[in-house]
Ligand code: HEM
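What follows is a single chain, given as C-alpha cells, in the form predicted on its own.
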Amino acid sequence: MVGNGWDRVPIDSQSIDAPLSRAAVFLTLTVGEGREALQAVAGVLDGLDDLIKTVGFRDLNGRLSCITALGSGLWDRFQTSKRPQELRPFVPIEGAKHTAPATPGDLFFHIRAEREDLCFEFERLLLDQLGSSVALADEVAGFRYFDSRDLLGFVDGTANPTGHDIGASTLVGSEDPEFAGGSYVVVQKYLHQMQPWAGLSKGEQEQIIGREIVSNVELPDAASGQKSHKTLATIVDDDGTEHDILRDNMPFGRPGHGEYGTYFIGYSRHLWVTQKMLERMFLGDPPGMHDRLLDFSTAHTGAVFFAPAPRTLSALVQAVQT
C-alpha cells in the first residue's frame, strides 16, 4: 500500500497479500494453438498493469487487484529453459468414495475488488483484449458472505497466516531463487448439497468442520478415528513444523438454479503442502476415513498454476514477443 491512496492505484500487480475483498472473479482460460495466439496473450499480459490502473483509478477505494498465474502446459509453450521446481499439472485424487478431478487451464486470473462492477469491468476489458486467442474453461463470480462465512454457515479462512507469515507461507524463497517471490496456486470449484447438509444437527455439522458455528472456536482434535475437516487440512511435516497456505475462498451461487458453492483457492510456497492437504481430505487419514465434508460438497474442477513475481512474468512475455 502507498501512503496517499488518493493519487494512485493502491495495490501492485501480483500482490499475493492483497487484502481479502468483498467481490472476486476467478477466471480460467485455455490458450489457442499456434504462436500467433501465444504472442497475442503475451501482448495482453505485458499491458496488464496499465489495464489495472485504467479500471482501478475509477475508484481507488475499490482496491482493484489481479493475480495472473500460468499452468504447466502454457509455461512450456513460452519455451523457457527454466520452470518453477514443483510446477506440474493437477493430479486427480481418486478416493474410495470421492474424486478430486483435474480440469483444463492454461491461464488463471484472480480479480479482486471491493466492488463487483470493478471486477466485471476489468474482466470485460481483459477478455476483449485476449479475443479469440483464448477460450473460457471456467468462470466464477464470488462474494463475501456476511462475516466471512461460507454458504454452509462456517467462517472460512480462520487459519490463514497473517503479517510476516503470509510471505513466508506463500512466496517461493531461496529454495528456488530463479522464481523467488512467486506462488503456487491450486483452485477447485465445489458445489454443496444444501438440503442434506441442513438435515444434520448443529453438533454434527460442527464435528465435521471441527469448529463451533457461532463462535468459530476450534473443537479438540480427535485422538483417533474420523478426523474433522480442520484437522485433515492442517499439514505438519516429520519435524513437527506446521505448513500454512493462504486461502482466499469465496462463496458463489445461483439460487434459481439450485447452485450453491465455494471456490477454493490456495496460495502456497510449496505445492506439496496443498497437495498433501487434498490427499488427506480425499483419501483419508487413516486411509478410508475421508473428509466427511466431501459427502456434502463435490469438487467439479481442479487445476494448478504458478503466479510469478512481476519481474519473472515480464521476462516471460518479453521473450515471446521478441
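All values derive from a computational prediction rather than experimental measurement. One-based numbering along the sequence shown.
Form predicted in complex with ligand HEM: not shown, discussed below.
Interface residue among Arg83, Arg115, Arg77, His192 relative to ligand HEM in the model of the complex, by the heavy atom within 4.5 Å criterion: His192.
Contact annotation: of the candidates Cys66, Leu293, Ala69, Leu27, the single residue with a non-hydrogen atom within 4.5 angstroms of ligand HEM in the model of the complex is Leu293.
For ligand HEM in the model of the complex, the listed stretch (199-207, 156-164, 131-139, 172-180) containing residues with heavy atoms inside 4.5 Å is 156-164. The closest heavy atom approach of Ala233 to ligand HEM in the model of the complex falls within 4.5 Å. Ligand HEM in the model of the complex is not approached by His98, whose heavy atoms all lie more than 4.5 angstroms from it.
By the criterion of a heavy atom within 4.5 Å, Thr274 is counted among the residues contacting ligand HEM in the model of the complex. At a distance threshold of 4.5 angstroms between non-hydrogen atoms, Val44 is out of contact with ligand HEM in the model of the complex.
The partner is not shown here, but in the model of the complex the stretch 253-274 reaches within 4.5 angstroms of ligand HEM through a heavy atom at Thr262, Phe264, Thr274.
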